[in-house]
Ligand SMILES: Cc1ncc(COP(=O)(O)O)c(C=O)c1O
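Let's start with one chain on its own, the form predicted on its own, as structure tokens.
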């Protein structure tokens, strides 16, 4: 491969909560990691928060450093190049046509974009439809901003693939007078990459009941094993005008610490009101270096880098799912089609071994596997695992889980 996905990146002391959270006070995750003390002889393998343990594509720091050499960082306007690279990226990666600068709006973060859209579409106290398991960020931001989350559980078919329950969705839309839904594509935390026919059926229901959709497509570049992402706005003309789509280079290129997302809205009525809503706090403003990070990311080298990354992630996911099936009796996992996250269902193992899901999580933490509690994602016996790290680290983590957690003792 042209780019480095094998070196172990030492992120200690570089402001990364992924590795420093157990020692940091008052940050997300610190209370969770405080349950367990690392046993002697083990180092920590970061497999929880959704950022990557790979160095990003070199064109990103090059673009940032080159701009930072100029010693003035005052007020600025986004460069034409910023919009041009976004348009080109969506055209080349997903076959999007007709995207223009006027359709693109800046957001400090995807969750901020979701809330801006809901503030336009809803009144406080309104119900919003989501699927469960549910991304923890949705739970905090949507509920925290005064909206009532109504969950429609995804169901697994005979092959273990997560599917939408259309009958349940329609029932809850009617019962709760719902006119806004938040959709995650690819889905977090299950990793499901939706098929066109599935989304068409979903959008038929939303059109029938006049439901607008806020679609989180932040994971849309990270597609595994020859699956294909289809933008929701490309499903139909109605979907194009009924959907707010929110994107960011941050998940793809590991840029979350720089802040910077964007929405695509074709419906002018909705776009103008979203832009107004986003402006009211006087906080939703682009960071200059974040702009240059996106420009650097969406260069030709970025296309190559993402293609190689998806190969690496596919290999990690395939190994992990095979290992779980062969070694962890009572643990179920549906192989993700996108993202780099696994959602383990440990109910059968916990019941068979008389161990609570909290106790199981502590067992992993004690041997340095920093995995994540799945219960805040509405997965009662779930554990969420991040596989965006060198294969040697993935292999080491699963060998520890085999020897000391699921099939052995820690004594």
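Positions refer to the first chain, counted from 1. Since the structure is predicted, the reported quantities are computational estimates derived from the model, not experimental observations.
Keep in mind that the form predicted together with the ligand is missing from the display, and what follows is about it.
In the predicted bound form, the ligand stays beyond 4.5 Å of every heavy atom belonging to residue 131. Among heavy atoms of residue 116, none comes within 4.5 Å of the ligand in the predicted bound form. In the predicted bound form, residue 218 approaches the ligand with a heavy atom inside 4.5 Å. Contact between residue 135 and the ligand in the predicted bound form is found at the 4.5 Å heavy atom cutoff. Note on the interface: of 88-96, 181-189, 292-300, 310-318, the segment with non-hydrogen atoms within 4.5 angstroms of the ligand in the predicted bound form is 181-189.
For a residue to qualify, one of its non-hydrogen atoms must sit within 4.5 Å of the ligand in the predicted bound form; all three of 50, 109 and 261 qualify.
Counting a residue when any of its non-hydrogen atoms is within 4.5 Å of the ligand in the predicted bound form, there are no hits in 152-181.
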